[in-house]
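In the block that follows, a single chain appears as structure tokens, in the form predicted on its own.
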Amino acid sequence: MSDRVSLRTFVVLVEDVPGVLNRVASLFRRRNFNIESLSVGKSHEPGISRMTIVVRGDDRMGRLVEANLYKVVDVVRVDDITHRPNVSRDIALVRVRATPADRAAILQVCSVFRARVVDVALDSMMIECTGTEDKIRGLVTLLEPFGVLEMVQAGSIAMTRGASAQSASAQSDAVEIDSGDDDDVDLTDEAA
């Protein structure tokens, strides 16, 4: 564990009900935790959605985020996987200007980053890239001289390595975090 400020990744299993995303986002807004990345999708369990939330903070802030998330009624399980071996991926679509003379060079750049062309027009190409944020940033940097026309990057998704699975039924295995009261844990409360 470290007290250095770094990106922290949380896997949060929530009930698949209307309003849960709003409740989780409101919690982060109220506690002034800035979300670097948020993605939500289906899990392998019916009725359970899986969120991957990335925030910037130290270990203490990570514990506060985890404790506060457990107070949201629709949250089933929270795991801070920051210090556990994991696989994390982002996906990006990049539309780049592509004259006939540039197409071969763009394809070479795509090859280096294992990106692929998913759409071609007379004067542009759309490229799909999956990987770490650094990899995507590197690809975009090399495509910029050609002229990036449009780009979208989805939030990270993450999963721990190995055989252990994050399941809602394993909630009893989750570490209990006692924040000391029933209200939201506040950074200023602990600092006092």
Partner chain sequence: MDGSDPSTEVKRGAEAMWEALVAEGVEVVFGYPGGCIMPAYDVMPRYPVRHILCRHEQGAAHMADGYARVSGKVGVAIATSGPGATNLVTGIATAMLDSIPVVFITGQVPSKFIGTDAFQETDITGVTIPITKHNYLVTRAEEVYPILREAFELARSGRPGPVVVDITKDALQNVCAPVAPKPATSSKRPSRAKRGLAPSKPISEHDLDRAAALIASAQRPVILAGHGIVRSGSTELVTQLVEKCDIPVGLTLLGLGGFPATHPHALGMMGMHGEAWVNQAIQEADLLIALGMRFDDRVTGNLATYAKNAKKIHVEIDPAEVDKNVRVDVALIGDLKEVLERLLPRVADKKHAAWNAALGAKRAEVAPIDIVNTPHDGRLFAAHVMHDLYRLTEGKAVVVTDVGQHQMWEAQYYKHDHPRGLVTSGGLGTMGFALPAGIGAAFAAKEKEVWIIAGDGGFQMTAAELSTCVQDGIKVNVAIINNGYLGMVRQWQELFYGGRYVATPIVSPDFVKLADAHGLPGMRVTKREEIPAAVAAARATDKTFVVEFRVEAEDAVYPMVPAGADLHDMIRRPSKNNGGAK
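Numbering follows the first chain given and starts at 1. Just so it is clear, the model here is predicted, and its values are computed rather than measured.
Keep in mind that the form predicted in complex with the partner chain is missing from the display, and what follows is about it.
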(message) Please determine whether each residue of 111, 139 and 152 possesses a non-hydrogen atom within 4.5 angstroms of the partner chain in the model of the complex.
(response) no
(request) Given that the partner is absent here, state which listed stretch (152-160, 34-42, 125-133, 53-61) has heavy atoms within 4.5 Å of the partner chain in the model of the complex. (result) 53-61
(message) Looking at 115, 76, 94, 106 here, can you tell me which has any non-hydrogen atom within 4.5 angstroms of the partner chain in the model of the complex?
(response) 76
(request) Decide whether residue 49 counts as a contact residue for the partner chain in the model of the complex under a heavy atom distance cut-off of 4.5 Å. (result) no
(request) Answer with yes or no whether residue 71 is in contact with the partner chain in the model of the complex, where contact means some heavy atom within 4.5 Å. (result) yes
(message) Even though the partner isn't displayed, in the model of the complex is residue 148 close enough to the partner chain, meaning a heavy atom within 4.5 Å?
(response) no
(request) Within 4.5 Å of the partner chain in the model of the complex, which residues of 16-36 have a heavy atom? Give them in sequence order, or say none. (result) 22, 23, 26, 30, 31
